[in-house]
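Take a look at this single chain in structure tokens; it is the form predicted on its own.
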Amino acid sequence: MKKILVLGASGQIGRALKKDLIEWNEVEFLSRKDLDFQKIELIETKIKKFQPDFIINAAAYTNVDGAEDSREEAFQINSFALDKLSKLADFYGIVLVHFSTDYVFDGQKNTPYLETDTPNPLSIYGKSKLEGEKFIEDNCSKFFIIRTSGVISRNEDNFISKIKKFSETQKNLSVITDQITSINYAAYVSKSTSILLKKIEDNIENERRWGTYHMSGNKSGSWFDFAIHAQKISRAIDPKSIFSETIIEPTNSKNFNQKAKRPNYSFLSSDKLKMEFGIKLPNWEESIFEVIKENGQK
């Protein structure tokens, strides 16, 4: 069985991959402590020693608003490091799997974004992620760029955990209703990625399906929709929890203090992934259920 090197092991997708890649004989996980993307060139030593067949890059600068003030750091992690990493992957004949974002689009469409649609990011975060994609496309011959959106898990830093945290100090929560996207359970993304690799592992040299793929559930919604559904599940599990009793109200994005501009519509079509690999993710309702069920109630 092939060897896999996973970067970004402490993030939401990275942690999920630790469970889904257990069937593979040799997998090594590197967190930010193990590999600083400010010094990405150090990974060549690891590549020479471990000799992976696949590198999965789940590391990223993901603070969308923070990137507006930390442009240099965002581009280093999301872009410039990918230039070096993709060149090394190509030189050593390694398949590179990289996670990107729906925020590479500007939201001017009102139908699901396809992989063939032209990106036009509105934020520093989106621009840094798009530039990273371009480096991979230019430098690498065997790669998968996987765009997803709104990753959630039992970790602390995601939409579901944040609104539950806010409910502990705010009786009323205002949640944006005019930004349409989807959210996806990290374990679903991880499992689908593992399935994709299994489908190509025995015939890598003859594989022709390289490229960019969207990986998301087949239903769109607003952040307000997601919050309301999370509360609905919460009330069913524990109706007396703080989050269950919080008042959630819709608000327009122009009334919400966000430093970085987000697309009003960034829902991704995953038809290509289903057609090429037979992979389909559950919708955001199922993703939210899994997270609320996992976390339990306070």
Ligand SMILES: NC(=O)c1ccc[n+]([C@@H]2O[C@H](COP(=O)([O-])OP(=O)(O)OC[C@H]3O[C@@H](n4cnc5c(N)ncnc54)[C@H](OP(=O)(O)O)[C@@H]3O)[C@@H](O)[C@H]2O)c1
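Owing to the predicted nature of the structure, the values given are computational and were not obtained by experimental measurement. Numbering starts at 1 and follows the sequence shown.
Keep in mind the form predicted together with the named molecule is missing from the figure; the text below concerns it.
Region of this chain that lies against the named molecule in the predicted bound form, out of 44-52, 255-263, 29-37, 235-243 [heavy atom, 4.5 Å]:
Of the stretches listed, the one contacting the partner is 29-37.
Could you tell me which one of L273, A67, A230, A60 places a heavy atom within 4.5 Å of the named molecule in the predicted bound form?
By the 4.5 Å criterion, the partner-contacting residue is A60.
For A74, is any heavy atom within 4.5 Å of the named molecule in the predicted bound form, or not?
No, A74 sits far enough from the named molecule in the predicted bound form that none of its heavy atoms falls within 4.5 Å.
Please tell me whether any heavy atom belonging to F143 falls inside 4.5 Å of a heavy atom of the named molecule, as the geometry stands in the predicted bound form.
So F143 does not count as contacting the named molecule.
In the predicted bound form, is there a heavy atom of the named molecule that lies within 4.5 Å of any heavy atom of F105, even though the partner is absent here?
No, no contact at 4.5 Å.
Decide whether I288 counts as a contact residue for the named molecule in the predicted bound form under a heavy atom distance cut-off of 4.5 Å.
Although the named molecule is absent here, I288 would stay clear of it in the predicted bound form, with no heavy atoms inside 4.5 Å.
May I ask whether Q12, T101 and S149 each come within 4.5 Å of the named molecule in the predicted bound form, counting any non-hydrogen atom?
Each of the three qualifies.
Which residues from 161-187 come close to the named molecule in the predicted bound form, meaning a heavy atom within 4.5 Å?
Nothing in this stretch is in contact.
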